[in-house]
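This document starts with two versions of one protein chain, written out as structure tokens and named structure 1 and structure 2.
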Structure 1
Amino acid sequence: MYDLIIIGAGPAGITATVYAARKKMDFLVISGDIGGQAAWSGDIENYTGYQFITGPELASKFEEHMRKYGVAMKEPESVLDLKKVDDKVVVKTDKGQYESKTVIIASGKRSRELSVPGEKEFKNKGLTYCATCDGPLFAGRDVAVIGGGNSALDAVLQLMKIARRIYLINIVSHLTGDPVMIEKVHESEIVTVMNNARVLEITGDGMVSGIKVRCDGEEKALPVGGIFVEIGLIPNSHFATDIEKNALGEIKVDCHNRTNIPGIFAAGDVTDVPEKQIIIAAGEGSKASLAAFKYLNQRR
């Protein structure tokens, strides 16, 4: 039985790992990936100590720091279930089962899906959730970006350099991202902003060839060869069935990162902590690790 299992290896999970290693706890990390959302970020200019660094670079710095301690790691592995049984926590994954005295859930968030017909069928077949990754494959095409916040605007700004025409499909009455970005989008001749527009269906034959939208009460079929979904994030908290969450599905924690179940802690974007920032997630990860350490000491 481990002292601690850390679920997730983004900024929160990795920082928890560093602290756990320095406290010489006997622990295991279980994660689907390394770096989490930080690895998907573009340019980062608000992580103290780095005036400028890209997401992938910062993520690899985190990983390097963690690896220095030679941590036990299961990756890629997905947690399916988590139960407190007597004094231990039983963690079930797609590959095995592990027991630990404490757990830190730092599983982060993932892209929200549209939930419309055609979305699953055309995923990676013209429909993508990562403009940063797959954007360059859509050079010279007509594309649609779904969303109206910063991530959607960021996708439009990237695609403006390579796409032929961009439809920005926004469900509310105005764009909600940073004014600097909105201005650039409005100035572009190849971008058509559609407000009050709801996606009805993704269409195609093998690959995406169009999107059906209801805009101002009127149904429109737009011929596009690419669709970028940028409509926000949802927490990866589905496996934590016994743990208290808020209406958004975020795990509720107190200021010591404790959940409603003793011995189970949570940190970072998967929690209801205000503001989702890399530096906050990292700080929360260290707090959670120290809280788990104290919890173990009180029981020795």
Structure 2
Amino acid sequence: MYDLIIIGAGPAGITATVYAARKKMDFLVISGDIGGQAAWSGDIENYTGYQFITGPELASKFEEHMRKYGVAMKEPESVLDLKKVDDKVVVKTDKGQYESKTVIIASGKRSRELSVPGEKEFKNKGLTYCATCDGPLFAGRDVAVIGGGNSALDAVLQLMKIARRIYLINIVSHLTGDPVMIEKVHESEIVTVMNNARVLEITGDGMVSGIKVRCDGEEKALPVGGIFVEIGLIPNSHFATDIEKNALGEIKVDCHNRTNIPGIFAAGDVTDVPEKQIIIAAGEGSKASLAAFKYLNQRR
């Protein structure tokens, strides 16, 4: 029986871990990976203390800080179910079952899929959801980035150093990311922005060789050797069936990171907290850990 189980090891989960370790709590971390979305990010220029750092570098520093405390960890391991039973929380995973007095859900989000013909066939065969992870594989090629928000713009900025030409395919009438990023994209001579464009099909023969789109009512076939899908994220909250969520599937929390079930807290991008930023997720993780510690002390 643990004092606390932390689900997820992204910025929120890792920060919660550091705070739990410093409070001398008996806890376990369960996560599918380490670093979460931070490890997928490109250049980060808005994390306090670092005027510039890459996502993988920041994720590595997070992990180094966490490992310093010698935490008990199950990774990679996926949570399948979470239930409050009397005064304990039972967490079931694909590898076992664990019990705790409190839980912090910091499981983050995952990439939203296009749901068009060819997507499943060409996944990891020229179609990817992570420019940071896979961008270097497409050096010197023509590529397409799907999306118009910060995730898509970040992917384009990374690929501008690698690809020969980039088509930015945006379903709405204008780009919606940060103005600074939009300005950099528009200044590039190798980027073609296609607004009011919808993806119809991914094509290829074994590997991706093209993408069909409808732009301003006209169908076009673009020859590309790589496709990066950056159309948003879905909360990893499917296992928390008894916990209240909003219409987007985000877990509802109050200012103390409490869910509708006593003893179960949530932090980071999996919650309905406004703005999904690394620094916000980290702050929410610390709050959740302190709230869990206070909850345990009050019950003792």
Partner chain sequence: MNKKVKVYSTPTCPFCIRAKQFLKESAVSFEDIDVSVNQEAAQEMIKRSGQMGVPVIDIEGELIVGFDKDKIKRSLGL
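Between two forms, the rigid core is the largest collection of C-alphas that superpose within 1.5 Å. Being a predicted model, the structure only gives us computed values, none of them experimental. Numbers follow structure 1, counted from its first residue as 1.
Please let me know, 1 or 2, which structure is the form predicted on its own? The form predicted on its own is the one given as structure 2; the other form is structure 1.
Core-aligned, does Gly108 move its Cα 2 Å or more between structure 1 and structure 2? Comparing forms between structure 1 and structure 2, the Gly108 CA shifts below 2 Å.
How about Ser78 - superposed on the rigid core, does its CA move between structure 1 and structure 2 by 2 Å or more? No, shifts by less than 2 Å.
Please report the angle, in degrees, through which the smaller rigid segment swings against the bigger one between structure 1 and structure 2. The smaller domain rotates by 14 degrees relative to the larger one between structure 1 and structure 2.
Fit the two forms on their core, then tell me the C-alpha shift of Glu219 between structure 1 and structure 2 in angstrom. Displacement of the alpha carbon, after core fit: 5.8 Å.
State the core-superposed CA shift for Asn170 between structure 1 and structure 2, in Å to one decimal. C-alpha shift for Asn170: 3.1 Å.
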